[in-house]
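One chain comes next, on its own, written out as structure tokens in the form predicted alone.
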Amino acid sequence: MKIKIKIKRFNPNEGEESREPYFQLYNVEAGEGMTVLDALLKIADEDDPTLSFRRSCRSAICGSCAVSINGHAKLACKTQILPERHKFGEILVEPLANHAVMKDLIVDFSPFWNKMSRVTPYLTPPPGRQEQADDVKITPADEAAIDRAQTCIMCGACNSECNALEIDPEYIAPAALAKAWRFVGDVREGEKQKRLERLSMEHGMWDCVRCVHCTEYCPKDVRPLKEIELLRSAAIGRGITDNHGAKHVESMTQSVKRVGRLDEAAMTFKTLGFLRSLGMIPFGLKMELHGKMPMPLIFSQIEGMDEVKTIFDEIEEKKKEKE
């Protein structure tokens, strides 16, 4: 059957007046099992050899063919035409979001690789003890802790879907953070403290807004958000808390431990400090209008507070056992 495929085009070499992105429709004879990449190859071979896109393995291994399909990042070689059209009513192919477009569906991956370089993507043994990495015994549990992070194929789908990266281009982004956990979580790594300190700085792991898109649209089930949570937990466990993200988590924990719920007013002061909190007064007034700003520090405890305290006591006991 004939399927219409709408593709976003862009050619930087065209004249000044026409150097703007535009959409172009193609009619493709599609059959059962045909993928979006098959369609792109068919278009390039039979209709329009000027259409530019990346591809390589055609087996969902290399990550080269990641594009935006009907509004979300997907592997073109893994996405079948007919089910996609049945679900969305059309096939719309665009370049990955949060990446500068070079031509048609090809985007500039230089920032992606620069972010990868920032997390030092290799093991670093302790200073002066190069041989230690070879002597460490790795258990199945040790391997399982970092196994999911190792399945990343560098396709950039998670970065394309990242709301934080859309706002802040300097944000290190989920792909690099997932890679960071692969080494921070490795028992052979000798510079975990330094890694976590760097990742806790501005534009680092605490800038994640937990939209969950990186996990939802990862084609290899890496679950970058889980890796980010593990990095945050490891940083707090090592006392790296001199940043707003860690302070916010600590204030949330203290609030629940004290009254069993979140005390937003008190959390703001503990997270930002007194002077910066003054700038939040207009926002606080809006919260008050919606019943979300009770008087700070005088919250009444919830019913069943004994159960909450029991949970915290058990957590403390487990910490002591590990120590």
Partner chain sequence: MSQLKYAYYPGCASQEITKESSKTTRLVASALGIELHDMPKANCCGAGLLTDYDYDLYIALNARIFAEAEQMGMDIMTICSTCLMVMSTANRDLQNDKRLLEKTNDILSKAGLHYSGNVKVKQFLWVLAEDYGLDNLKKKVVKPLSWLKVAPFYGCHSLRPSSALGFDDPQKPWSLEAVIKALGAEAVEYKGKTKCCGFQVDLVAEETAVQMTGTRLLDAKGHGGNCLVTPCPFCHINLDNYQGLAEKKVHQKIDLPIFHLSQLVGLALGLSAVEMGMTRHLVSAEKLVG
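Positions refer to the first chain, counted from 1. Computed from a prediction, not measured in an experiment: that's the story for all the values here.
Below: the form predicted in complex with its partner chain, not depicted.
> Each of F112, V119 and E143 near its partner chain in the predicted complex, meaning some heavy atom within 4.5 Å?
Result no, not one residue of the spot touches its partner chain.
> Just one of 27-35, 264-272, 43-51, 56-64 has residues with a heavy atom within 4.5 Å of its partner chain in the predicted complex, so point it out.
Partner-contacting stretch among the options: 264-272.
> Does any heavy atom of K322 come within 4.5 Å of a heavy atom of its partner chain in the predicted complex?
Yes - in the predicted complex, heavy atoms of K322 and its partner chain come within 4.5 Å of each other.
> Is there a heavy atom of D242 no more than 4.5 Å from a heavy atom of its partner chain in the predicted complex?
Residue-level check for D242: no, no contact with its partner chain.
> Would you classify E307 as touching its partner chain in the predicted complex, given a 4.5 Å non-hydrogen atom cut-off?
Residue-level check for E307: yes, a contact with its partner chain.
> Tell me, yes or no, whether D104 is in contact with its partner chain in the predicted complex, where a contact means a heavy atom of each within 4.5 Å.
It does not: once its partner chain is placed as it appears in the predicted complex, D104 has no heavy atom within 4.5 Å of it.
> Just to confirm, with a 4.5 Å cut-off on non-hydrogen atoms, which of L123, A100, V209, V136 contacts its partner chain in the predicted complex?
Flagged contact: V209.
> Taking its partner chain as it sits in the predicted complex, which residues of 164-202 have a non-hydrogen atom within 4.5 Å of it? Please list them.
Heavy-atom contacts within 4.5 Å come from A164, E166, I167, D168.
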